[in-house]
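Taking the form predicted alone, here's one chain by itself in structure tokens.
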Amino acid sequence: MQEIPRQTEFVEVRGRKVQWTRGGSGPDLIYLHSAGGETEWTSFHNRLAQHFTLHIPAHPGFALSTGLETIRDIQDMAWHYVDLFEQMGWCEVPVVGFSLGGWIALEMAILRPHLIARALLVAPAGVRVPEWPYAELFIDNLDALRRLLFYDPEHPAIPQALPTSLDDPRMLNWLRAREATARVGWNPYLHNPKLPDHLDRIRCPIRILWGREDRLIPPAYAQWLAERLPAAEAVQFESCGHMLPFEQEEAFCQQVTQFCR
């Protein structure tokens, strides 16, 4: 597959410096990353950039983006993205949101429906049903984290997704990502108690992807969300955990290309 050229720039949004990577050609596609902070160019980003102009902004506190001190909760994060989209001229664009990024996309679609034309959400956080508790994300053991997030703990894409040791040069960014995630998802844990009451306000088409072996966020949430969003459908993948874009790269990118074009 052709390696797509890309560039990383910085824009300032309400006093926050935002790291922004873009590559490819064609219609715009905005990728909102997970708590893992996959802001570096991965193989699935490269695959998507064969069909889109792919934009990967880093959330405040992730990578080299600043302004985390101004973010108090998930709604502040969503307002940050409203400001970024409006500044960049992104209106009625397709959005892909993975986990934390999917949660942000849901919150944005309530605040400013006209910004998002359609959304493909991969195992989004954001809602809580007591009988389906989330697992503990904030753990320090890298081996345990790998087993939690991947169906196959030896999957060849793991080095793209996670630090592989404490000596990994990405550890500093990974620790910053944990801090930033805790800022919006520590208490309440990875959800907004108000969000379920507003899901019916989201009118754009939504496709929800989930791995059937997701050990972090139970896959039962896929259908639960699809039933509460006015224009949503759910697709589940066998032999796949939480890290679906890494574990099922080709199928994931096919879903994005089909739905977002």
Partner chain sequence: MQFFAFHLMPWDRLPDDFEQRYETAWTWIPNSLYEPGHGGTLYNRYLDELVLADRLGFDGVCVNEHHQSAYGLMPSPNLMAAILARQTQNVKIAVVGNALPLYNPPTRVAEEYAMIDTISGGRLIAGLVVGGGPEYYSFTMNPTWARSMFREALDLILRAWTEPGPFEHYGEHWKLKYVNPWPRPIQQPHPPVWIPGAGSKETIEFVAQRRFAYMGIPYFHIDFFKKNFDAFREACERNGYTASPSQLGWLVPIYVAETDEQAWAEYEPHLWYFTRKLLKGLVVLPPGYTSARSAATIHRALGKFLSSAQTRQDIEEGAYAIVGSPQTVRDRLTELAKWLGVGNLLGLFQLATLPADLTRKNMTLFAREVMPQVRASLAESGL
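Numbering follows the first chain given and starts at 1. In this text the structure is predicted, and so the values were computed from the model without any measurement.
From this point on, the text means the form predicted together with its partner chain, which you will not see here.
Discussion item. If the cut-off is 4.5 angstroms on heavy atoms, which of these, 92, 86, 152, 179, is the one near its partner chain in the predicted complex?
Written reply: Result of the distance check: 179.
Worksheet item: Thinking of 1, 7 and 40 as the candidate spot, does its partner chain come within 4.5 Å of a heavy atom on all of them in the predicted complex?
Response: No: none of 1, 7 and 40 comes within 4.5 Å of its partner chain in the predicted complex.
Worksheet item: Does residue 187 reach its partner chain in the predicted complex, with heavy atoms at most 4.5 Å apart?
Response: Residue 187 belongs to the contact set for its partner chain.
Item to complete: Give a yes or no for residue 71: in the predicted complex, does one of its heavy atoms lie within 4.5 Å of a heavy atom belonging to its partner chain?
Response: Residue 71: yes, in contact with its partner chain in the predicted complex.
Worksheet item: Does any heavy atom of residue 79 come within 4.5 Å of a heavy atom of its partner chain in the predicted complex?
Response: Contact with its partner chain, no.
Worksheet item: Is there any non-hydrogen atom of residue 183 lying within 4.5 Å of its partner chain in the predicted complex?
Response: Residue 183: contacts its partner chain in the predicted complex.
Discussion item. At 4.5 Å between heavy atoms, only one of the stretches 131-139, 157-165, 117-125, 94-102 reaches its partner chain in the predicted complex; which one is it?
Written reply: Stretch 131-139 is the one.
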